[in-house]
Each structure stands twice: as C-alpha cells, then as structure tokens.
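A single chain, nothing else alongside it, follows as structure tokens in the form predicted alone.
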C-alpha cells in the first residue's frame, strides 16, 4: 500500500453526516476517503431515536417555526432514498414505522387543536382512532387524542450497514490525525502516519470535531454540547409505540420510539422533556424512577413487572448558538480547503451533504484523483446501546 494517498475529498467522522456525504460524493464520481477513529455511527448517530423529523415537534406551541420549515422536506427525501429512487439507494434500511404520532393523554389545548386542523398542517397531520392507533395505545383505558404525523422512524443499525456498503473501499480506521501542510496551507491530513492529500477536507465528527480543530490549530467554528439523559426499557410485554406525548409546554413530555433487540424483544427508547434539563441533572437510578412514574401515569395498563431499565447519556454536538438554542439547519463553515460542519440531527444529513456539494460546485472542484484504497483497515459498525446495556 502506498505511503501517500491522493483523493478528491477526505472526510473525517463516519456518523450519518459523513456516511451520507460520502455516498453522495461517490455517486457523483468523486474519489473519497472516510476516516473514523472508533466505529461507524458509534457515537451520536447510533444513540439517536431514528425519527426523520418533518418539523411538527417544533410547532407544538401552535405555529410553524424556522426550524419546522427548514426540515419540512426531509421525510420526502428519506422516503425516496428508502424506496431506492432518491439521491441514495437505501432500500436495505429497515423502516420501523411509516409514521410518527403525537398524543395527548387528556385532550389538546384549543389553540393547538385548531392549529393541527389548519391549512398549514393539511397533508402533514391526521387524527387517528381505534385500530389506527399505535399498538401500545390500543387499550380500553386509553383516553386522549392521537395525530399521525407525515414523518417516519428508521432502524439506525440497518441505516449504518447500508451506508457502509455504499462506501465501498473508501473507509479507513484511523486514530491519530495531524495536519499536512505545504507553504502554510492545509493540503491534507496525516492519518496514523499515512499522508492523505485532498482537494477538500470535511470534518463531520460530531463532538470529536472540537478536538480535531484544536489539532489543526483552529478555534472556529465553535461547538456547543446539549446533553440528554435517555432511558431504555426492555420487556416481553412492551408493544410498538412511536410518538411524542404532549405536556403543558412547547416540548414533548416524553418521546418514545421502539426498537428490535437481537433476542426478539422490543426496546422502548425514551427521550423528550424527560431526558432534558431535569433528567440530565438526575443520577441514573433517579432518572429510571422518573421514567417508570411517567409510564405508569401515561400508560397505566402497561405491566412493568418484567421490564428492565437502563439510562444513556448523550451529548448532542452542534454549532455554537447564542443562548445554546437549537440550530435550525445543517451547518457548514469553510477555511480554504477545510469544511467543518454538523448536521444538527439525523434527519438533516441530506441537507448537510447539500451544503458541501454546493461549495464544491461553487469552487469548480471536479473528480480528479483515483487513489489505490485497497487493504485499508476498516472501522467496525456501531453497536446499539440496548445491546450493550440490556443484552
């Protein structure tokens, strides 16, 4: 294997942003090298709930926001990819639910109800009842309203496997990363002693981007972390549920997704307000107790006697914002050959790739290099948290 490699685009960080971008570039004829120090999608991506948001959760106060409008087209683009007819062929990805739901345990506030019935929501939200309800809510004791959102939930492990397949021989396991400069210009990176030169270098390593920037002697763009304390529940009596439960504020009280474990049981993955400020401050035992209390209050017919519980702390890495607010879109900054960014959430991976491709088009970057990428050490796939914490 040559000691030096030349490629069109060198990407560092193989979460969903790096993997999606890598696949888009390769489909357009670019040569790529995608570097990952640990496992593919093994940090923020594998810890996501798999929801392809269309923005409705950001409109719970009764009006559309910049955030909701920015990602409104994401479900369509993902659906086309899952069908094999989009910008990528992701027809090997398992679709867990073709809709996500919004449920109120005791009736919706009037202004929110009228908002969901408004022209702005037409085609994006439909009320469901009876047999149309998610299986976990089909109990005689259930009282409330449920709306079907034009969103979807995917199985993240199968997404990573599909994107890894599309990566071909471009994946490289590499831990030690140093800048490669000529005449004070960044021309590539040295990965575990191997020189890799590229027309453009993209940092998409999530929380790891901060340390990568420091290694390159850079302090911008700045990054913020917004922590979560998620809860996992696994048991033989759990039924599929993919829904936001409304509370009294602008955020979902809890957000539940359901995932298949290797032993055939279902795992509930609980986020929403439960996992945010107060949840972050709790110790694991207290957070589990809070989750058990919420489930008992909202879903009293669920038998918790055989349910096993665990918690998972997640740091959402994003571009720094005033007041640490949530960014509306994928973010990309540039400095000569270096492009640095965050998708901000799973659903926005296509948007992140759009930003990078637009920069390449603007700068006239065309496919040129044909690197010998044989025999590169490859990173393994990330393992879901429930297989590690609740085997």
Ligand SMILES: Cc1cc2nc3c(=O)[nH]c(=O)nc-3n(C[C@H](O)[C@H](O)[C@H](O)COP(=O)(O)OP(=O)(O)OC[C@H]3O[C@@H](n4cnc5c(N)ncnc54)[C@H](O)[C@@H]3O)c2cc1C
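Residue numbers count along the first chain shown, from 1. None of these values were measured; they are calculated from a predicted model.
The protein also exists as the form predicted together with this ligand; that form is not presented, and the subsequent description refers to it.
*Asks:* This ligand isn't shown here, but in the predicted complex which of 228, 96, 171, 150 has a heavy atom within 4.5 Å of it?
*Replies:* Exactly one listed residue reaches within 4.5 Å, namely 228.
*Asks:* Could you spot which one of 309, 101, 266, 269 gets a heavy atom to within 4.5 Å of this ligand in the predicted complex?
*Replies:* Here the answer is residue option 269.
*Asks:* At 4.5 Å between heavy atoms, is residue 333 in contact with this ligand in the predicted complex?
*Replies:* Contact with this ligand, no.
*Asks:* Taking heavy atoms and a 4.5 Å cut-off, does residue 88 contact this ligand in the predicted complex?
*Replies:* Taking the distances in the predicted complex, the answer for residue 88 is no, it never comes within 4.5 Å of this ligand.
*Asks:* In the predicted complex, does residue 39 have a heavy atom within 4.5 Å of this ligand?
*Replies:* Yes, residue 39 sits close enough to this ligand in the predicted complex that at least one of its heavy atoms falls within 4.5 Å.
*Asks:* With the partner left out of view, is residue 43 within 4.5 angstroms of this ligand in the predicted complex by any non-hydrogen atom?
*Replies:* Output for residue 43 is yes: heavy atoms within 4.5 Å of this ligand.
*Asks:* Which single stretch, out of 162 to 170, 128 to 136, 312 to 320, 287 to 295, brings residue heavy atoms within 4.5 Å of this ligand in the predicted complex?
*Replies:* Looking at the partner contacts, the answer comes out as 312 to 320.
*Asks:* Spell it out for me: taking this ligand in the predicted complex, does every residue among 16, 204 and 208 have a heavy atom no farther than 4.5 Å from it?
*Replies:* All three within 4.5 Å in the predicted complex.
*Asks:* Need the contact residues for 278 to 306: heavy atom within 4.5 Å of this ligand in the predicted complex, sequence order, or none if there are none.
*Replies:* Contacting residues: none.
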